[in-house]
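Quick heads-up: it's one chain on its own, the form predicted alone, in structure tokens.
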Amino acid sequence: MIRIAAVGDLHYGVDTRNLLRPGFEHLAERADVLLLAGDLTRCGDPAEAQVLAEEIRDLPIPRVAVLGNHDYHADQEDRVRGILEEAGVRVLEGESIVLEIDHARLGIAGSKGFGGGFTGACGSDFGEPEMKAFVGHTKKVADRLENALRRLDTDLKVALLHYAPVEQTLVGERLEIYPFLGSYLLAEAVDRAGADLVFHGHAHHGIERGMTPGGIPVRNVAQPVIRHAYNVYSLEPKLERDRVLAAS
């Protein structure tokens, strides 16, 4: 069994030093990997990223992250990524990583994602160049997420996002802002490529649990939603599940 600690929307600032450090104190006893679902800083200031980097630098388990819209605000996302990676955090954007955990291989594909809305109330790449660019960006990141998932040949596959792939986890947010909180294209990409679990953040007033149209569990791990330093989710490799079924 692989135990995944996940949290997003930490929104670290220069005045939040040691904010979550007590919560991470026993992390290695409870989880095998830590996933960070974007909006790790308030405004994408490298100094904010440095504070978070110091908080998690010495954690003795793998750390994997995607950036969020806040992390892009200062147009210094490359520096934010560099600071986190120097502290041992693997930052993904249309990329994947494979971790060997307890004799099983966990594949993680990550992307910030983007907006656009959901089936029946979504934007399309029609009309003005600005609208084409908006929806076109979502299509691009969804395609890269799908390709990253397809490349994984592992016992378990997880998709790590910032924006939401389904609308169920947005319940509690204002309907008017759903198009800016995620896109159905992300869920379609996951369903086509396959995954065991999807994590996202971004929706502070949403709920934790949802599911893609193809039946893949989705978890909104924005810190204002889970109200903890992290939540832990357990996944059992398919081989182990098959052994249990065979034995029974």
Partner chain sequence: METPDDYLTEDLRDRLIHDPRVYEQDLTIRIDQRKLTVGGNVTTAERQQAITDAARELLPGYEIANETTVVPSSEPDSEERLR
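Numbering follows the first chain given and starts at 1. If you're wondering where the values come from, they're calculated on a predicted model, not measured in any experiment.
Absent from the display: the form predicted in complex with its partner chain. The rest refers to it.
Participant: Only one of Pro179, Gly194, Pro217, Pro46 gets a heavy atom within 4.5 Å of its partner chain in the predicted bound form. Which one?
Facilitator: Comparing distances to its partner chain in the predicted bound form, the residue within 4.5 Å is Pro217.
Participant: Using 4.5 Å between non-hydrogen atoms, is Gln223 touching its partner chain in the predicted bound form?
Facilitator: Close contact exists here: in the predicted bound form, Gln223 approaches its partner chain to within 4.5 Å, heavy atoms only.
Participant: At the 4.5 Å heavy atom threshold, is Arg209 in contact with its partner chain in the predicted bound form?
Facilitator: Taking the distances in the predicted bound form, the answer for Arg209 is yes, it comes within 4.5 Å of its partner chain.
Participant: Might His26 be said to contact its partner chain in the predicted bound form, defining contact as any heavy atom within 4.5 Å?
Facilitator: Although its partner chain is absent here, His26 would touch it in the predicted bound form, with heavy atoms inside 4.5 Å.
Participant: Is there any non-hydrogen atom of Arg57 lying within 4.5 Å of its partner chain in the predicted bound form?
Facilitator: Although its partner chain is absent here, Arg57 would stay clear of it in the predicted bound form, with no heavy atoms inside 4.5 Å.
Participant: Check, residue by residue, if Arg30, Leu156 and His204 all come within 4.5 Å of its partner chain in the predicted bound form, counting heavy atoms only.
Facilitator: Checking in the predicted bound form: Arg30, Leu156 and His204 are all within 4.5 Å of its partner chain.
Participant: Taking heavy atoms and a 4.5 Å limit, what residues of 47 to 82 are near its partner chain in the predicted bound form?
Facilitator: The stretch touches the partner through Asn69, His70, His73.
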